[in-house]
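Two separate entries follow, structure 1 and structure 2, each one form of the same protein chain as structure tokens.
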Structure 1
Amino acid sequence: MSTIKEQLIAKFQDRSAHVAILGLGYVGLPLAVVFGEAGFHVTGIDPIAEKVEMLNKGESYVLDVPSAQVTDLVKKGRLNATTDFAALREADAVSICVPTPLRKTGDPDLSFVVSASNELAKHVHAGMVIVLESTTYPGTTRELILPQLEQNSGLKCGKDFFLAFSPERVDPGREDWTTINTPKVVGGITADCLDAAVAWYCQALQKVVPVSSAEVAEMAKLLENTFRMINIGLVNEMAIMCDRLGVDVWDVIEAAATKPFGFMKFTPGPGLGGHCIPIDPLYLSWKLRALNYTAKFIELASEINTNMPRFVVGKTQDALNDRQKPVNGSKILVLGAAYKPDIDDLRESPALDVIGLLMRKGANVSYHDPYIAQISHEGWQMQSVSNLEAAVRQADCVIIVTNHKVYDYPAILKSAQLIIDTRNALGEMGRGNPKVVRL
């Protein structure tokens, strides 16, 4: 007689398993489509009715998912969406892809995970596998999700249902590494949990990497993004030190990057934006503080990265001062507001801090971003300037904060009176140019 786990795995192999994806954002929707295209019947569950309506009409609202893919799956009856969590009752496999932001206090906000887990606990049944994908502190799956599911159902994890963690590695807009071909780490609460989760994921994903526990999988994700945040902090501090030394940090980095081994190039900038890198490491440091340990590298890197907007405004103030212009009353144009080039995402963007600091110093600040028509942040609103050439020409200072590819940098250099280039966007054009200040 086959066990519950064997019966479940058989359902994955013959595609009779019903898949549910909880949370249909930039992680959940691509995952839903990948499982649908692998032959599963997928129900997407999201509390936002507009998303559900769009998906059921075959429309996508996520950059990486063409509407044609959604339309095709909806027409085939392989994808539907609902706001009703009771749909979980029919699911054999559930992936939780909900946000894990920070609160205003800087502490983790697990409210989305708790809410999803509460709903799931009402509908968990024997023969179900649940995988948490949301980035979180090590121990969340075992300490927070597991008790809720067992207590509410009376079922036993690892016997009746199976629970695992698998970190999302979605990089929106990326075409080389996508949901289907990016290696996927999976760690289970028990060995049978791991088997069930791996048996599910490997039906649709090209490379599934089993690891020894859910905590290893949770911590691997945090290492990945903490590694990045700390190295960006290091290179930002290199920029500050080179500034004090009067050495060009961009030349230093290019020189170091010629080392074919044992070095990885990062570049300085006006700060650390995005919804992953500035945030994920703080989930780790928060957890360790509860264990009476201070994650020194994370806290120091966070301090340095958070200070970069102030460093940029200081460079701007000095450059204007050299031209007998106070920041107060000067026309300053911020070029590029998104948190990184060629995208429309403003989350945690250092441009927001640079603009706020300049306004507080009395500057007459405007911005341009081809992907972001307007900004509303901490009580101020601003529209992207419509006539870029005129704005550049009329500005006392232009600060290149985000180096979108679409900008005509030679034309900007020609029209501008003064440029603070925080991204080395001007490259050789900016070197030694009296109207260009590089980080």
Structure 2
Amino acid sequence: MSTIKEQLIAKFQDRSAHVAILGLGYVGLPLAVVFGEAGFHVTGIDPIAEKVEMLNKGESYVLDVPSAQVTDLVKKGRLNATTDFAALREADAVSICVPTPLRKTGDPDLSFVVSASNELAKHVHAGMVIVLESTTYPGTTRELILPQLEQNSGLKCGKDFFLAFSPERVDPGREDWTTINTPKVVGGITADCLDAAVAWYCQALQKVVPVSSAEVAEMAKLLENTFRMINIGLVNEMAIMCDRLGVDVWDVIEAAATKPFGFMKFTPGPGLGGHCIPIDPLYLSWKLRALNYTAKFIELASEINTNMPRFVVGKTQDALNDRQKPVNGSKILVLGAAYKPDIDDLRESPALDVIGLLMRKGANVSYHDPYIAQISHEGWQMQSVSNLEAAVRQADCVIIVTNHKVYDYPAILKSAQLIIDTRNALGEMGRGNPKVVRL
């Protein structure tokens, strides 16, 4: 007689397994589509009714997922969405893709994970594999998720059901590395848990990388993003130092990047944004504080990156002063609000801090972003200007915060009175131009 694990793996291999995705955002929806395209019946579960309604109509709200792809899967009966967690009763495989933000205090907010786990615990059954994809601190899967599932179900992990962690590696806006071809790290609570999770993911993803434990998988994701956070912090501090020294930091970076070994190119900017790099390393720092250890690199890099919007505002203030204009009362246009180019994601965007700081100094601030029509943040609201050309012409200063490709930078340079270029978006056009201040 075959074991529960063997029966489950057989379901994955013949595509008869029912897949459920908890959380239908930037991570969950692309994953649901990938499994749907691989031939599985996928049910997406999300508490936001508007998302569920859109998906069931075949409409996508994530830029990386075309609506035509969703429509095709819905018509074929491979994808449906619901707000009802009772759908988990029919699921053989469940991926948890819910947000893991930070609280204002800098502590991890695991309320979404806890809520999803509580709902899942009501419906967990024998022959189910569960994978947490939400980024968190090492130990979450084993210390938080596992007890909830076992205590509420009376089932045994590794025997009756299977639990693993596999960090999401989504980079919104990328076309070269996407959900389907980005290597997928997987770590199980037990060896059988790992086998079940790998067997599932292998059916849809091009490369799955098994590791020795859930904790290794959790820590790997934090290492990836801590590496980026620290190196961005380093190059941001280099920009500050070069500013003091009167040296062009962009020339320095390009010169250093000619070395074919021992150097990896990072570029400075107005601050960190997004759902991973500004947040994930602080999960690790928080965990280590509980163990009486200070993650010095993480804390220092976070301090430097967090202060970059103030550095940009200071550069803006100095540039206006050189033109005998105060920040107070000046018309300042922020170009780009998303945290990175060519996406509609506003989470943790440095543009929010730049706008807020300028408003507190009395500036008349407006913004333009082709992907973000309006902003509501910490008590203020703003809509993207409708006439970009007129807004550039009328502004006392234009700050390029997000270098969207759709912008006509030569036209912007021609019309603007003053530009603070925090991304080197103008390139050679901005070099030596008296209207341009480069970061």
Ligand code: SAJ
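If you're wondering where the values come from, they're calculated on a predicted model, not measured in any experiment. All residue numbers here follow the sequence of structure 1, with the first residue given the number 1.
Of the two forms shown, the form predicted in complex with the ligand is structure 1.
When one rigid part turns against another between the two structures, the hinge among Cys97, Pro268, Thr135, Asn225 maps to Asn225. As a two-part rigid-body motion between the two structures, the smaller part of the chain turns against the larger by 8°, taken from C-alpha fits.
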